[in-house]
Structures are given as structure tokens and as C-alpha cells.
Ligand code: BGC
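Just one chain follows, in the form predicted alone, and it is written as C-alpha cells.
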């Protein structure tokens, strides 16, 4: 596959020329979504070449039985699968009874465009079929932000050198299987077909989880943009229903099909009303019409971009990349439903199965807090609050007691459903990310009410886990945490991972501090929580003992915290000594060799330095970065962004820019040779962080919003906006200086390079 076939453009993802080798990669890159559902950019018409059909509905999953380990105590019984949903986009095309198939005909002038400004996918080409017929095809598709159960397709065909018969065969197909099914099972049961004039519906349900889904389509036709009526034949199969329309078309005329489709499902409607609800929606869509729906779509995206956009002048690839990342984050999650979350692949593929990882808490929440209303981020926190009982159950399965909670590594409903033991059981640092997210939210938004209402119960349960997970070492005369995997998954079953231990201590301290605040300022909530959790002073004293006595491995020689106890037993060979032919090591080396090596998959100690930067002096940050970055292979999508931010902090701008490009164009340039499997959605939030926290230097410690803007030499200028406690602040930086504009009606206090400024409403300050 070509690494550089995506054409640089400020507002579009653009592909010109048809290459079969790029099809599955483009299906990922050009994916569309609206927070409720999403789909890969599959062709509507038949395609006999290699393709990965994918449509997905938020929250709909299947508990696929694991292939390994399920007989062991505490092992997850299933691996959650984001379900590949019924396909509603299909429109087979025949020209004089010959099928249109880009894999089998001559294709010219192919162009695919994802218009990020308006949230619209278009595709155009000319094709010559085996009989010599030449046609021009233009296709427009979008998933509506205004009606989140609705998708719209307009498919235009113009004969270029003939008069003849054109046949459209729109269909809905409920017989789609997951590519990643463990046992090649079909996860759906078809319940009912229903058909009306130009409309069809299939009602189906998932096995085991019993989500009911209605998939539907409504069809209209235009000839030269005037509506026409056509007779049709119906073809039904076991899992599919299709309509067959045909008419004679003259050379130069444009024959168009409009297909309104989508899903209703039982999380949002009574099961018995699903068909009626979708029928009503598609009729409404038809009345509004394609062009007005398209305009509404553009208007809705315009509103998103008003706050979310990052503008870069002088580096078109960097500009395209940041908008690509912001665009897909908004396609994946809009924050309206606290039952939904952000999967690592979003709606673009099936890899990683489950919906939610610690990525959401560690990387995504700052993006949504800063670019949207605070309630969007609050819904991400509530997702975990509502799953607290399941997290307690997860801990109980592993032998923990007294309401201790272990949040899952991967989940759909709060149950652990990851099936690699070294991650499922040992990558317990994820528990700390849950509490860090609460801290981050309260610290940024100023909404302290979340802690007494919801957060404290989670904080207590996680603190109980850390207290029970720590062991007292007589040899060290300190508490230790044994048998863990840190963020660096290239080390398993190690002792005293610095990042894990630091999060454990910080979590306990943060919980104790806030219990005192609740006791003083929220006495009713405090009493309610104490009664509910049966917390007492004896237990709190035990927590304090663990926190005050926790061990952190440290090297006096290098003056850095060590990633784990035996890190210095390894051969300290930096990555620049690794031959290119042996990278990525996760594809070239045995797992045994990786585990014995010094190489780090992603930020680990540096993840802690990033989270708790205000706990470290500048010289210490520099030492830790300079020690660990040379051993880091960045084979996790979550790695470059943390390194970019810290590199900017210590004024290594060349490294910061290198890491920015790596995180921002990870999928566009396919650094890891895996984009065909789907995009890296959660790490896209790290791209935004790289600019706002990295180059912009935005921090929010101790209720003080501060900035220390820098600019890469490759750029002329950049700007971004943030929403901070009900105020919109625009930050602009070029090589001459920086500007801060308060676009809201309230004043805002900010620190710029350490100096305090009060920016009046509708006012700009320039430095």
C-alpha cells in the first residue's frame, strides 16, 4: 500500500486515482459517523476486490466467548465485540444488465473526498464497462448530526456515450458477520421483514445480549434533478431484501437515486415500536429532502468547528492532520448519552473489540472539556460511575473485599472482557486513570459538585483497591505493589512500576483530602457516603499507612525514578542502534526477546511525569525525558503525544514537532502499517493535546489557567480556542508574539509565561 497517496488539503481528506491496493485503508480513513452510529467508507455498489464491510451502532455489542484462558479463576468469560451491524448503504448498479464493479471495469478520474468542514463523503469517477459503455458516477453520503438515526445517500449516474438501460438495486442486508468473530458465529437473529412502497425494514436482535435493531431504507428517484416514480420488483432472501428499479436513460441525462436509511434500536425505543419509529423518521427525512438535510449537516458541523478548530498557517500537512483528528473525535462521540463511550477504533473497525479503555480518561476528557460544554465530559465520568457496581464485582472475582473496585481494561457494560492475562489482571494502573479524570474535570471546570454527588464513591472504591493491592515488604520496610504491567506493555509481571505506584499513592491522598472537604462543606453528602460505603477512621488510617510508606524505585546514578525494580538489569541500548529492518519490534521480534529488552512501547514513567508535571522540577523533567525517550519505540498510538508535550515543555522543539507529526498523521501516513483495520480514535485526542498543551503550553494547576506558547519553526502561526468555565478564549501564536482574545461576556484570569493577566470581555491582549 502507498504511504502517501492522501493528498494534502486544509479542509479535506482527498484521494485521486483508483488503486485497489488502497481500498481497505481508504475505507478506514474516509469513515463517517455521528456519535450514534458510524461506517467505513465502503462502496455502495458491488465490489469484488478486497474490502472490509463495516457499519456500527453505539452501545450494541456481543459477548464472544474467549479462545483462551476462560477456565482460569477470575478470567473474563467473553471478549466484547463491537457488532458489525446490518448494512443499509448497498446499491447495486447495472448498465445494460452489466454490473458496475470497480474491480472489474476500467476506472478513470477517480476522486474520493471527505469534506471535514461539512461532514460529507463524496466519490466521483468515470467507468467503462465490458460492453464499452462509459458512465460518470457521483456519490454523496453523510450521517446526519441533526437526526442521529439517519443516513443519506445520493447516487448519480450519467451515460457519456450511449442511450440505454440503467438499473438500481438498493438493498438492506442483515446477514453481515464480524471479521473478528472468535468462532465464526453469526451474532444476529432475523425476526421480521416489512415492506411498503419504496420502503423496506428488517427487524433483528443480537444473540445473548438481545439488543433489538431495525434497519431500514426509503427510496426516491430523480432524472435531471426532477422527481420521477418507477415501478419495482422485490427480492427477498433469508437475511436481505432488495428492490429492483430500471429505466431507459439518454446520453447526458443524470439518473439519481436518493436512499434514506439508518437504524432504530432498543436502547432508545420500545422494541415493539422500532419499525414504526424508523418509518416515521425516514418519511420526515424524505419531506425535508436531500438538499435541505445536506445544508443542515453543514450548519451543524460549522457550529462544532467554531470552538474545536485549530488553525495552522504554513504547514498544510500539519493543518490537514489536526483537523482530521478533531473531525473523527467528533464523529465518534458527541457527549449526549452517558451510556456511550469512545472505543479505540470508534466506528472505523473491529480491532480491540470493547468500547472503552483507560484511553478515554487519560487522553480524551481534556479535548471534550475544552471544546464543548462541560456536560459532555461529565457524561464520560458518569459512564464509569454507573458501572461502579460492576467494577466492584470485577475486584471480587480477583479476591478483593470490602467494596474495593477494579475498573476493567476493556468493557462495554462494566464487566472486564479483555482476554490477555498480563493486561486483564496486571495492567491495574487503569484504576488510577479513573480518579485522575475526576480530578482533571473538577480542576478544569470548577464543578466541584461532581465529587459529593458521584465521584467520591468511585474514589473510595478505588482507594480500597490500592490499599489491598499493596504488600508490606519487610526487606524494604515499605509497601510495594507486585506483579503488574505498566503502560509499557513490553514489560509484564514486574514489581513496583513507578507510574502505577505513584498513581496509587496520589489516589489515596486525593481521596483523603476530599473526604475532609466533604466533611466540612458537604456534611449531608458526607454522611450519606459514609453510611453507604461503611467507611471508618480505622480504614482511613490504614490507607494513610500505605500512602506514606509506598516504595518508588529510584536510581541515584541517573537521578531518575525507575520504570520498575529491575529496569537497570537490562542492556541499555538506545533505539538509534536498532536496525530499521527490525522495526517495529512487535512484528519482528519474539515476545520473549521484547520482554527482556529495554525498549519501551509507550510513555510509562513519562506518563506519570506528564500527569503530575507540577510535582516535578524542570531539571527533573529534563532528566527523565532524556533518560527514557531514547529507549522508546513509540509502538503504541498513545506514545508520541505525551513525548511531544514534554519535549515542548523542556524546549526540545524539533523533537516536539517530530512527535506531533507522528501522532497527528499516524493514520493518514499509516506509520504502523495497520490503518486498514481502523483508525486510532482515542490517540487522536493526544494530537489536540500536543498543540494545546504542548506548543500552547496550556496548564491548569491549582485553579490557575496558564499558557507558555511556543511555535515550531516549520509554521508561520497557529491558533486554537478553548471553553474554560463558560468562557471562550482564543489563543494565537506566531514568530513575533502571541495574542489572547476573550470572546465571552465574562472576564477571565490567565497566566502567560508566569505573569498574571485579567482579560476583559470581548478584549484581546497582545504580547
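Positions refer to the first chain, counted from 1. Nothing here was measured: the structure is a model prediction, and the numbers come from that model.
The form predicted in complex with the named molecule is left out here; the points below concern that form.
Chemist: Under a 4.5 Å heavy atom criterion, is residue 431 part of the interface with the named molecule in the model of the complex?
Modeler: No, residue 431 sits far enough from the named molecule in the model of the complex that none of its heavy atoms falls within 4.5 Å.
Chemist: Is there a non-hydrogen atom of residue 489 within 4.5 angstroms of a non-hydrogen atom of the named molecule in the model of the complex?
Modeler: Contact with the named molecule, yes.
Chemist: So, in the model of the complex, is residue 409 in contact with the named molecule at a 4.5 angstroms heavy atom limit?
Modeler: Flag for residue 409 set to yes.
Chemist: Does at least one non-hydrogen atom of residue 344 fall within 4.5 angstroms of the named molecule in the model of the complex?
Modeler: Contact with the named molecule, yes.
Chemist: Run the contact test on 357, 601 and 636 with a 4.5 Å heavy atom cut-off to the named molecule in the model of the complex and return yes or no.
Modeler: Yes.
Chemist: Tell me, out of 479, 147, 188, 352, which residue has a non-hydrogen atom within 4.5 angstroms of the named molecule in the model of the complex.
Modeler: None of the others qualify; the residue that does is 352.
Chemist: So the named molecule isn't shown here. In the model of the complex, which residue out of 501, 644, 682, 664 has a non-hydrogen atom within 4.5 Å of it?
Modeler: Contact with the named molecule in the model of the complex is made by 682 alone.
Chemist: Select, from the options 571 to 579, 86 to 94, 331 to 339, 358 to 366, the stretch whose residues sit within 4.5 angstroms of the named molecule in the model of the complex by heavy atom distance.
Modeler: Careful reading of the contacts points to 358 to 366.
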